[in-house]
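Alright, here's a single protein chain in two forms, structure 1 and structure 2, each given by itself as structure tokens.
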Structure 1
């Protein structure tokens, strides 16, 4: 609460004696205050409706309502209750003084007014109010950007939600902003540069929020806030519809996506924005912030540098993911996680030479949950580490059991994730598991995807060479779907290239370019001393083409479907197809 222009404070003197009003005003001149006068309760509330003062000097004896009655009315009004009141009374009765404090007075002064005492009490109350305002502001302001923080945003948002409940025509929206690659900028250039980026972001947002975009005209309804880190929230007030909020989001993306000049560095950082509108009937600020946050993550998943408007289906997906995460924690290490094994054939003679272990989750209530629903959750939460270890143990144990029945089975192949590769000691863990199950190292094959290793090739080479030194086989999975890094293939110590099913599916007489491409991959692999395995074989024609280009190994539903673990070597693998002309391949 600030005073009028040119003065530090505004004081309302409520007293029906004009002489006392003039005397008090003269006494207060050293404090540089602007005085407004009221002779009764009605005049006092009329003055309060025009402007809110920093202090009320309230007389006890007034015509009509007494000072106590006025004080009680003030404290009952949320908009006025925080104004400090000094109660002025000519009586020394303890009952009156006690009642004024019970009613909410901050201080009292006895009449007749004495200049030193009035100055001291008014100065004390105003100084206390200044300190309270400063503490209030500090608690609600982000120290780095000077923007309102999460606390003030939640208060502002709560008032906006209350307004929608009182005025059904009023609509507003939230824009939840997060900056892509901010962590990388912090890690590579340092936190000082990261702080400069946040300050420049705040300045761009301030400069590009128009008055018609948001409720910037009302100081009680803050529009721009920093939640923490690189997260900012904009409250757009009195918008006509969702399209208007999207229009603002698009304009801000254009502003924020321009390069930043920071301490001699040029930095590029796009923003992802989640948009949510008030017409979904929100009851709390947390609910609305939650949905705006969900929409922001959808924007990130959609490719970053864009905005997404919240849809209830997004919340349902988050709740499902939350359940998947919680239930997966209980499932890991239990019999709910089971493996199936897909055979890998020598295409020419039809013998099973290896098997790929594939994790399946048999949920007690939801039934079979496919890997594409729980593996991403496991990777995001770190649960992939205990899950991966469980899979390695189970796959090695099953391999040993089946190999005793089928000595031609050369290896078991297990997929590993980026998180597993980045854990210190992963190579030691692999060595321990191989030793525990009595396997030769070359009987275990680890599969990594092309995109996984190409994201950090130097680190990948180091770890792969460590694993190679142990003697385990290494395979590049889904080759061709990531960077198609034919020129870099010689840098990695792979034993096997697995040609992605998307290439194999195109192997027919009409797509000669894919035949040529697969032929080139096979020749390159052989020149580098690597084997080739074709994935996703489903037709006899694909088998024929693969044999023509000398791809000797393959897997797919045509050759053999995944089978569950068991004590007996799968009967379906006992008599594999001898050639592409076999009856099995034509089935």
Structure 2
């Protein structure tokens, strides 16, 4: 866009008559304009190469190139075509006047120049120009942060890509940044706090990129923009290689990970960044943005708070995810989603006391898909709600069938996700399902993971209390993986602690620290009136150690693998003599 940096407007007067130049300058005094002069076309283009004015006053009759020829040249050059031109001529010939408008003049003035007319025309063209510039800039600015928006980014990006095609040594990088807990902060603290957070993120990025070090060689081409939501994109102009772009990403992550102070709340979060470099031969802005976005997703998937450089193999993973997302919609409610049940045993006497329902997806083309691949997708898309309801119904129905023949079976256990727990009316749904299947509430156990609870402990307590009031059993799943301390266990109304497989795996005579730790967990749980279930038991040695620390319940491939609903009820597990072999089972 054209424009001078200062407040005064710049006007280029192209006229070969010195007196007229001076006269025009004097007439324009009240408008706060700075004039430059050119006596012919050549001089005019020299002046334009030095700086771009806000307005050109162009005479018709000039030595060499005529005014009309100069006008045509101006309009043919994309960098100059936007400058408004007022065409000045002494002739009243209609042909000249209409030709100057056809060639792109914004206005026309009759010579000899008269002060009031010149002032009025220049003022009106400048005013129109100011309005156009404002519209242009509004359309390209994000109103919340004042940063360039998607449109401006796309334009800048397209220009940068064009430049790589002309200058083979030129390369730049794109950083696609997404804040890891934005939605949660927005939902829990409100949109105003969310807006404040976005403004602070923008400010941190801006300050950091301003004090840019020597990595980026063309800081003029560097653009920080907000795409929308909590997505920001940084175009780093003229960067030597991916390693340099990565080091900028690392530096930005360091800056963004510091706590934010928002209207009295202190908020901690991290960001994920996808990095892509122009040397992959991109032809369009969209292609390059898409790959940066994919790399950002990869960064989120690999634990958040980090950056990942794009690699073409990531396309396959994204395609698979899309496929899963699309097909899952149809699979829910159909027989493609089935449950298997893993028995929970009383370790000492070997009886099955509970069954944990685990979802399986039998995809007609992709075959068996394990829950780790589709539950996260269901959670992100909200499909977990209908899916979770289907699982609850099926598990309760199966429980009632087994229960008739096996009175020792106390409960069926169902895994629930955070989104299910948080949906208003979830407790009512659970109550309805229990009633519909003619069960006592304590025959249904709901498992929630420790990490899910610890991401917002206060909110979790009240959600769990509501469920507890129904009388259902509550289990803390994967205990030991979610950073809760033993000291806060008493805050939650759990009936059961499920000790995560990663701890159970370490239980052998040599790892005394793990034995001591599990012992401490078991003791504390009993003191709080909770039961303990050890997950993932694979060896007899683990069983022996668990019995010495008084852990009464267990689950794992050694005791019983998950079984399909139609298959035979798992037999009781009988504790073998302590001396028997302790080889590991293959998983």
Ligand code: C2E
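Take the two forms, superpose them, and find the largest set of C-alpha atoms that agree within 1.5 Å; that set is the rigid core. It should be emphasised that the depicted structure is a prediction, and the values quoted were computed from it without experimental measurement. Numbering follows the first chain given and starts at 1.
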| query | finding |
| --- | --- |
| Structure that is the form predicted alone (1 or 2) | 1 |
| Selected hinge residue, 196, 334, 268, 315 [rigid parts, motion between structure 1 and structure 2] | 315 |
| Whole-degree rotation of one rigid part against the other between structure 1 and structure 2 | 17 |
| Residue 321 CA shift between structure 1 and structure 2 in angstrom, with the core used for superposition | 3.7 |
